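Here's a solo chain for you in structure tokens, the form predicted on its own.
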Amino acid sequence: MKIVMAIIKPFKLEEVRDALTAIGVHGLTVTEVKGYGRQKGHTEIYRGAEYAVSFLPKLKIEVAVPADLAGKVVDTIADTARTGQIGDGKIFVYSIEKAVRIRTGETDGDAL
């Protein structure tokens, strides 16, 4: 079992969700986050004053999947979220030691 965590631009969420649903992913968690990478934020002008925006709004998507599906999920997210512009995001994959569905008590692969 793996967790695929992706940091993406907010406007790409619906496309990514639809693409994941199409490959058989039935659940995901989305969190609003702020951060920066190589672009180091940007400057904006508000009421005539310029100020630096150090942390940009992003979305963090987390998907728990069987290990054999993780590669396909990564490829799907990368292909769908890519705009070709700086700040498209990152994808991380890490292992799940144990999973439990609270309602039924199912564990590991059955809990996904």
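Numbering starts at 1 and follows the sequence shown. Just so we're clear, the structure is a prediction, and the values are computed from it rather than from any experiment.
The form predicted in complex with a further copy of the same chain exists for this protein as well; it is not shown, and the discussion that follows is about that form.
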### Query
Should L69 be counted as a contact of a further copy of the same chain in the model of the complex, where contact means heavy atoms within 4.5 Å?
no
### Query
Given that the partner is absent here, does L13 sit within 4.5 Å of a further copy of the same chain in the model of the complex, heavy atoms only?
yes
### Message
Can you tell me if A99 lies within 4.5 angstroms of a further copy of the same chain in the model of the complex, counting non-hydrogen atoms only?
### Response
yes
### Task
Spell out, yes or no, whether the shortest heavy atom distance between A19 and a further copy of the same chain in the model of the complex is within 4.5 Å.
no
#### Entry: Neighbours of a further copy of the same chain in the model of the complex among 8 to 33 [non-hydrogen atom within 4.5 angstroms]
I8, L13, E14, R17, T21, H26, G27, L28, T29, V30, T31, E32, V33
